[in-house]
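Single chain ahead, written as structure tokens, the form predicted on its own.
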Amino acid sequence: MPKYLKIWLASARYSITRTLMFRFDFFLWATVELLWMAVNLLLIAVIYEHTDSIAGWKKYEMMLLVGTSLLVQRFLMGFFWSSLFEMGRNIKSGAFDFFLAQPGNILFMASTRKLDLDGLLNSFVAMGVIAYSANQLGLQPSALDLLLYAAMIFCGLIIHYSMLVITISLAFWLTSAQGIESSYFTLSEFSRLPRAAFKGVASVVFVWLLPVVVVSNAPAEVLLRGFQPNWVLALLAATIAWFVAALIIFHRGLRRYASASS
């Protein structure tokens, strides 16, 4: 662990230095992400001008849910997004050889090489939305609730990471994974909807098979209604299952990789 922490810190220093070299690019993308988050919140405000609840969720409960979803996505963007999408391009070009020669776990080296500071910066905005919504609802979570919420956010991040690894790993088999990569954006949109809004087949697909709804609903439920064992166990089981699946698919794909020298 100390070895990998040193490697990650070195990558983080490189990313920060590179970002400071291109400050305008950093501020531009940070602003774009901020505006995208603002549009999501504005949409909620507009909808709740015409209704009191959606699937039983009041305005600030929905804002807390959306803030939770945005927080997980901002962490994903900040810590893994650029590295994983670059990995897909490197697999097709043969530049993935660079990671095979690294003195460490290949997936770790390939998926943690870059940080996106704009995504990490906007994670504080998402935290502000969550805190504001909790204040408007009069919530007073205990230290245990906050700790559990943080742990569930981490589990949600691992699930999103695993799903993205599986998506990018398809580049080992396909000529181009660009269309499949884009589908991830569509799936992530469902994480901002309450669990009660999904019925029938939609519930099976987006809650149980592809737990994009659980990753945001489970932590939000902890703040709103306290500890709920069913949500915690469902999220933990999904985290383990998706992470194991990501490792298996990545390493099977790795055996099919044809390097630039072959």
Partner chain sequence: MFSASAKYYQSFLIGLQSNLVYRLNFAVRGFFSLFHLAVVFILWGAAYAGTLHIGGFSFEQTLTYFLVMLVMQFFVGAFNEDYQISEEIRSGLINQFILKPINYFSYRFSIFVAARLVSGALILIPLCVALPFLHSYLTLPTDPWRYGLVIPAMLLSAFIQFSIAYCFGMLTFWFLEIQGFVILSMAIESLLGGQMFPLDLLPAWMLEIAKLLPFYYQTYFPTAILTGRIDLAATYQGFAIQLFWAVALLGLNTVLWRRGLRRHTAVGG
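Residue numbers count along the first chain shown, from 1. The structure displayed is predicted, hence computed values, not measured ones.
The form predicted in complex with its partner chain exists for this protein as well; it is not shown, and the discussion that follows is about that form.
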Exercise. Hey, in the model of the complex, does T186 get a heavy atom within 4.5 angstroms of its partner chain?
Worked result: yes
Exercise. Quick one: does T51 come within 4.5 Å of its partner chain in the model of the complex, counting heavy atoms only?
Worked result: yes
Exercise. Does its partner chain get within 4.5 angstroms of any non-hydrogen atom of F198 in the model of the complex?
Worked result: yes
Exercise. For Y149, is any heavy atom within 4.5 Å of its partner chain in the model of the complex, or not?
Worked result: no
Exercise. Taking its partner chain in the model of the complex as the reference, which of F75, F96, F190, F172 has a non-hydrogen atom within 4.5 Å?
Worked result: F190
Exercise. Does every residue of A218, L236 and V244 put a non-hydrogen atom within 4.5 angstroms of its partner chain in the model of the complex?
Worked result: no
Exercise. If you look in the model of the complex, which residues in 39-61 sit within 4.5 Å of its partner chain (heavy atoms)?
Worked result: V39, N40, L42, L43, V46, I47, H50, T51, S53, I54, A55
